[in-house]
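Only one chain is given next, in C-alpha cells, and it is the form predicted on its own.
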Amino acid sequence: MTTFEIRSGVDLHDVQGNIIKGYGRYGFPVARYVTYRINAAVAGRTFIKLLVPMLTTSVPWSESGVVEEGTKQPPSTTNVALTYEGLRRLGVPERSLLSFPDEFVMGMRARASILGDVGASAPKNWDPVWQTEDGQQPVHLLVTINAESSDALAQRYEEVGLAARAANDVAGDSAGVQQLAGHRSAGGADAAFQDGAALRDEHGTPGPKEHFGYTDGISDPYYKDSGSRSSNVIGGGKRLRDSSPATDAGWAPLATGELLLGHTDEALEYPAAPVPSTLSKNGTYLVYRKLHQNVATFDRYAASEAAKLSMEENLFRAKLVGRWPNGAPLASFPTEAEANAFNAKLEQAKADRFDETATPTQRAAATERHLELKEQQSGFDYREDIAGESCPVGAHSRRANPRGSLEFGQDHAFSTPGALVNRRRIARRGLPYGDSSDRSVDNGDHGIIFMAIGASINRQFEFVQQQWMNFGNDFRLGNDQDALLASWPDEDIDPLRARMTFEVDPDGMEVPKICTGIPQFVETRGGDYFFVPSLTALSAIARGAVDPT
C-alpha cells in the first residue's frame, strides 16, 4: 500500500490546506482563530491580497524518501474563510451572492432553532464577538493559524496583524479592516482572539484527548484525489462489497465532490455551487462552533447514574459515547479489558513502524499489523450489533456515523454498505481550548473549537445535527436527543424526555437500562458558517474581478 497519492486529479496548489489536512496530526498542537469585520471594501480586498501569499495549500508536505513532490512543512499554517456578509462587503457581485445556498446566506445564528441551539446554547448567550446589533453577521472574515509552537503561532499572528494594518494604510481608513475582540476567555475576559491547543498528558505531550477524556479525531473522512495518506482510506473511505477495484482491505475513497465544489459527489453529480465556477471550484464550506464543556456536570452525572444502573462508571461513559476513552470502539470491544488490550497492540505496532533498530522487513510487517489494527479501530461497522447490545443505538459516535446500521441488517439493500451515510460525512477540524484541570466546576473556560468542512452545509452538517443529534427517529428512538450534545430549553424539561436507552440482547431476558434526567453537557458559545475559497477565487476577490456573467 502506497503512502501518498501524489498524482492528484485536484489542483492541490489551489485548495486551502485546512480543507485536506487535519493540522493536529502533523505536529501543530496550538492554534489561533482571529475574527475581522470589513468596514471598507478597498481595505478588505487589500487585506485578502496580502494574505494570499501567506496561505497554506493542500500540497503534501515532503517526507524524506517517501514523497517525490511536495513542499517543506512550515512552522505555522494560515488559512482564511468568509461569511456571506463578508463576501458582500468585499464587493462580490449580487448575482454571485444570490447563488449561494440559503443556509449560508442566513448564517448560523438564524439557524439556531434548526441546530438545537436553545436554552444555555441560545445565541443570546454566545460570546460577545458573535453578538450583533444591526441584524447582520458580526464576523466577516476568519483567519485560522495552526503552529508547531507558541512562538511560531505568535509570529504568524503578528504578521497577519501587520497585513491588516497595511491594508488600512492603503485604503486610508484605520478601521477599514477591524479585528474583533469579544472571545470569552478565562475569568470572563473578552480576548482579542480565540486560542486552541491540544490537551497534554501527564508527561506534557500533546495528544488527541478532549476535556471529557475521550480520544477525538478518529475516522476522519478520506476523499478521492486528496493527496493524503492512502492508508487513511481504511475507515475514512467507503467499504465496498467487491474489493477488487479498491484497496486490498476493500475500501475506496469518498467522491471528491463531498468535500470540494466543482467535482462530482457520491451521487455522480456536481454539488450546487455559486457562480461563476472560478469563484466556487476547489472551495468549500466551513462550520465554526465554539462548544463549552461542562466537565463537572458530566463527571457527576456519570458517577451517579452508573451507580443507579449498577454499572461500572467507565462502561457507562463508553455507552454514552460509543467508544472507550482510548478510542477502541465499544461495538468491537465490549469490555474495558478487551479495549485496553487492543490499544496496547495498536500503540506497539505504531512504535514498531518507526523502530530504527528494526530491519526493513520487520518495519514492513509492523506497518501491516498497524493497518490491520487500524481497520479494527476505524473500519468497523455495526452489522453484528444492529440492536445495540454492545454499543447503544443512540451512542454519540454511532449517531454521528451510523456506519451502515441504518440499513438494519438488509445486506441486499445497497451495493456499497453505508451508502446512506456516505452523503452525510464531514471532515472535522479544530482543537480543544482552555484548562479543565479543576473538574469541580463548570464555569471555567474549557471546551472545543469544532469545525466541520463539506460541500453542503445543509446536506451534511445540518442534517447530522438536526436529524441524527436532535432527533432519534432514524434510529427508531423517537425524539430522544444525543445525550452528549443535547440542549434543553430554559423551562424545566421532563426528565423522562432527557433520556437515553442502553439496549440489551433482544433474544434475552435482560431489561434495557434507561438513563433519565440527562443534564446539558455541552453549550454552544458562538460560531457561524463560512465559505473557504480557493486561492484562485481569493485572488479574484482581492482584485474585485469576480464576474458571474
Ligand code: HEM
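These numbers were taken from a predicted model, which means no experiment stands behind them. Just count from 1 along the sequence shown to find any residue number.
Beyond what is shown, the protein has a form predicted in complex with ligand HEM; the following relates to that form.
Contact annotation: Thr256 falls outside 4.5 Å of ligand HEM in the predicted bound form, judged by heavy atom distances.
Among heavy atoms of Arg403, some come within 4.5 Å of ligand HEM in the predicted bound form. Contact between Phe461 and ligand HEM in the predicted bound form is found at the 4.5 Å heavy atom cutoff. Interface residue remark: Arg323 is counted as part of the site for ligand HEM in the predicted bound form, having a heavy atom within 4.5 Å. Heavy atoms of no residue among Asp127, Arg184 and Asp195 are located within 4.5 Å of ligand HEM in the predicted bound form. Note that among 135 to 143, 163 to 171, 119 to 127, 448 to 456, the stretch whose heavy atoms approach ligand HEM to within 4.5 Å in the predicted bound form is 448 to 456.
The listed set Asp265, Glu210, Glu85, Asp385 contains one residue whose heavy atoms approach ligand HEM in the predicted bound form to within 4.5 Å, identified as Glu210. Scanning Leu291, Ala302, Val393, Ala273 against ligand HEM in the predicted bound form with a 4.5 Å heavy atom cut-off leaves one residue, Leu291. Residue Val522 is the only member of 511 to 532 with a non-hydrogen atom no more than 4.5 angstroms from ligand HEM in the predicted bound form.
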